[in-house]
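The chain that follows stands alone, in the form predicted alone, written as C-alpha cells.
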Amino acid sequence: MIRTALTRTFGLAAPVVGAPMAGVAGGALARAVSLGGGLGMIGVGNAATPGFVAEEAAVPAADGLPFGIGLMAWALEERPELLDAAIAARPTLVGVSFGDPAPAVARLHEAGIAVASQVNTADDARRAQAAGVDLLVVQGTEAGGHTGHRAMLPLLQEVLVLADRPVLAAGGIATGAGVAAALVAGAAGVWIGTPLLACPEALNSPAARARVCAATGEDTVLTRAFDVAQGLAWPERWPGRALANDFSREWHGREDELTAEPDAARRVVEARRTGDLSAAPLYAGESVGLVTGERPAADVVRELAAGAERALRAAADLLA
C-alpha cells in the first residue's frame, strides 16, 4: 500500500482525490471514489442550492465514508449560503478554488474541516498557503473544466519548492504510472477528474459518457466561448477545457462577438437543457483518450493505486 501525507491524514487506502466536477460529481460518485479507497468530492456549481449540497452529501455520509465538497471562491461572494451548506454537511475536506480562499478558511477550520485549494500559478500557491489552506492542489492546463494556462509538471515542481504543506497534482493523470510520476516528483497524491467522466455513478448522461469514451487527447479545446455565450461570471483567467464541438469550432477565438449574438447564447442554454452535445459544453482533460469505456469509480481508483504501486516498484529497479 502507498502511504503519503494525504493517505495518513485522511485514512485513505489510495492517494487519490476525486475532483469536484460540477454537474458530474454528486454524492453517488463521491461515495464510489471513497469506497475505492480514495476521497470522493461533490462539485457545487454557482447555481447550486443549499438543498442540493445537503442531499448529495447525505449519500456518502450515510455510509460513514470520508468525502469532500468543492466550492468556487468567486461564487461565494454572491452565494455565501453555499459555504454555510458545505459546513453543515460536515465533510472531511472542502475545496475553495478559483479565487481567494482566505475568507472561507477560518470558518472551515473552526468547524474542524480541512481545506484544499486548486492553484494555477506560483503566486496562487503563495496566496493559498498564506491563507492557511491544508492542501495545495496544483492544477495544470491539461485538466478538464475550468483551469489555467500553466502545464502541471513545471508548476508542480515550482510549488513543491515553495510549499510547506502537502501538495496534490491535478491535470493529465489517468494511469497508475501517471500517479506514480506525480508521487515521485514529490506530490502527496493526485486529484483526478477526467478518468471519472465515464463512471456510471456520475451525474452526466449516458450520451456524455459515450462521447468521452470515443474522444482522443487531441479533441479538447481551452476556451471561454461557452461561458461568454451563457453570460456566466467565470473570471477570464480561467477558461474551460472541453471536448470540441460544433459550437466551439464556430465561436472559439470569437468570444468578443458572442455578447452581441443572443441566438448563440440561447443555443448553448437550450443544448444544456436537452443534452445536445453539438453545442453544450462537455468538459474533459487531455487524458480523455485513456478513458475508453464505462467503469465503476471504485474500480478506477483501485486500479490507479495498484498501477502506481507496480510502477513505483519497477522504478526502484532503475537504481544501481
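Predicted model, so just to flag it, every value in this text is computed and none were measured. Numbers follow the displayed sequence, beginning with 1.
What comes next is about the form predicted in complex with a small molecule, which is not displayed.
In plain terms, the part of the chain that comes close to the small molecule in the predicted complex, with a heavy atom within 4.5 Å, is 195-203 out of 84-92, 195-203, 127-135, 104-112. At least one heavy atom of residue 72 is located within 4.5 Å of the small molecule in the predicted complex. Of the heavy atoms in residue 24, some are within 4.5 Å of the small molecule in the predicted complex. The shortest heavy atom separation between residue 20 and the small molecule in the predicted complex is within 4.5 Å. Although the partner is absent here, residue 245 is not a contact residue: none of its heavy atoms lies within 4.5 angstroms of the small molecule in the predicted complex.
Three-residue candidate spot 4, 10 and 167; no residue lies within 4.5 angstroms of the small molecule in the predicted complex by any non-hydrogen atom.
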